[in-house]
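Below sits a lone chain in structure tokens, taken as the form predicted alone.
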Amino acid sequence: MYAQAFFVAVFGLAAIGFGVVVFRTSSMVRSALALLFSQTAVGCMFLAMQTEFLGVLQIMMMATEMSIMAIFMVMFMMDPGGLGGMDMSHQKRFSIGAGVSAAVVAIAVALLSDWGPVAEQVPDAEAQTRALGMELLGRSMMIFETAGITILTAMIAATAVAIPVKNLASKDNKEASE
């Protein structure tokens, strides 16, 4: 029990630390990697809490999502490496105030809420994963299928836009004239 709480705390602090790094760096790529590490730490928290399915799902989704985001930033950003010294934070005072206020409210809710009794009997991991799968694939199947097709279409369209078009007709005319 103590080891589990220790690892949840360590991964929680890592998630917060990398979350701070997201906003402290001037590089979009480093920011994306810090966000990846932060979300991976959240996935590791799930693993430490013995929710293997959610932990692995979180890590796999974030790794794919952040990799794609970093690739698009390198392709389309003017200065993805942050060498130009751009400032990525806006409205600093308001942002700090909003962040501190949200943290205070979240801590107050966590500490002052009545969370109810601790469950005395819970299903094993296989039963929990099966119930979660039935919930996701039951009433939410159409939503997930639609989202998957939409994301695939967007990835194909973005790749098609990024690939330069070669004009074969003008190349054939040049070869014929020579």
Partner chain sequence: MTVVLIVALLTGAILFGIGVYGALSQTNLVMIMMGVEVMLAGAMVNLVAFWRFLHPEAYSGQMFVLVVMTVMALEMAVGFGVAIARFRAKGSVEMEEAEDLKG
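The term rigid core refers to the most C-alpha atoms you can superpose between the two forms while keeping them within 1.5 Å. Nothing here was measured: the structure is a model prediction, and the numbers come from that model. Residue numbers count along the first chain shown, from 1.
The protein also exists as the form predicted in complex with its partner chain; that form is not presented, and the subsequent description refers to it.
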### Any non-hydrogen atom of L35 within 4.5 angstroms of its partner chain in the model of the complex
yes
### Query
Can any non-hydrogen atom of A63 be found within 4.5 angstroms of its partner chain in the model of the complex?
no
### Query
Can any non-hydrogen atom of P123 be found within 4.5 angstroms of its partner chain in the model of the complex?
yes
### Query
So, in the model of the complex, is C44 in contact with its partner chain at a 4.5 angstroms heavy atom limit?
no
### Query
Heavy atom within 4.5 Å of its partner chain in the model of the complex: which residues of 106-126 qualify?
A106, I107, A110, L111, W115, P117, V118, A119, E120, Q121, V122, P123
### Query
When you overlay the rigid core, is the Cα of T64 off by 2 Å or more between the shown form and the other one?
no
### Query
Rigid core fitted, then: does A157 show a CA shift of 2 angstroms or greater between the shown form and the other one?
yes
### Query
After the core is matched up, is the C-alpha of E52 off by 2 Å or more between the shown form and the other one?
no
### Query
Closer or farther: how do the Cα atoms of Q121 and G43 compare in the model of the complex relative to this form, given a change of at least 3 Å?
closer
### Query
Any idea whether Q121 and T51 get closer or farther by CA distance in the model of the complex, knowing it moves 3 angstroms or more?
closer
